[in-house]
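One chain is shown next in structure tokens, namely the form predicted alone.
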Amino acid sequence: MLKKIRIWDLPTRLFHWLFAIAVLGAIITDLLEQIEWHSYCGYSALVLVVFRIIWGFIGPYHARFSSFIPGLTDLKLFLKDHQTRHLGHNPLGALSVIAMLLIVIVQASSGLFADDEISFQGPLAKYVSEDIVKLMNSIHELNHWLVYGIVLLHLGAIFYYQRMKKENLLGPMVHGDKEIDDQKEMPALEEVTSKDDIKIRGLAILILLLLVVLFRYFILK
């Protein structure tokens, strides 16, 4: 018998789509040389990444890093037969999530110190030496290829699972639920269901608003 299990809480789902908009927006505005809008997208992505890191420790079950970051044994088993009991991210998906967060936080953070001496100066560039600014410029320039790569990898994985494995990854990230067969050996439902009530959503709003205020006050002052 199939049962619906809440996997992705609303804050995690909203993060996913807002993060996608911010990253794709940063790519598009970079290609169009719209530097001001590019910086806004970068700032948004950075705040969202910090939120996701915090949420990865205090959020509901499947949002927590401890629930999906794979151990070496788990990863080997998945690579061997591609079978997983994970209701959230599978081991490779989990590694791609971590890679995405790390790559974007490097890109957005380096942009805070970048200075092209023409049309853009990062809000923190004036506080560091010229050598550090040059280093951050180089990191920002080189790392953007990793951003392109991880985005293409992410889109390719969605296409592969949708067309080849007939597994819809986008649906649960929209409505939050996933169907499981309760006749199969699974953990107890209370262990795999993510809380998604008003308290969880209120906490997420509070954290995000606090991050926005801190970013505005300390970074963009």
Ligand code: HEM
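Please read these numbers as outputs of a predicted model, since none were measured by experiment. So that there is no doubt, residue numbering starts at 1 and follows the sequence shown.
One more form of this protein exists, namely the form predicted together with this ligand; it is left out here, but the text below deals with it.
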Mark L75 yes when one of its heavy atoms lies within 4.5 Å of a heavy atom of this ligand in the predicted complex, and no otherwise. no
Is G42 near this ligand? Define near as a heavy atom within 4.5 Å, in the predicted complex. yes
Proximity of I69 to this ligand in the predicted complex, heavy atoms at 4.5 Å: no
Please check if L155 has a heavy atom lying within 4.5 Å of any heavy atom of this ligand in the predicted complex. yes
Identify whether this ligand in the predicted complex is within 4.5 Å of every residue in the set W17, L24 and Y148, based on non-hydrogen atoms. yes
Using a 4.5 Å cut-off on any heavy atom, which residues of 108 to 139 would contact this ligand in the predicted complex? A108, G111, L112, A114, D115, D116, F120, G122, P123, N137
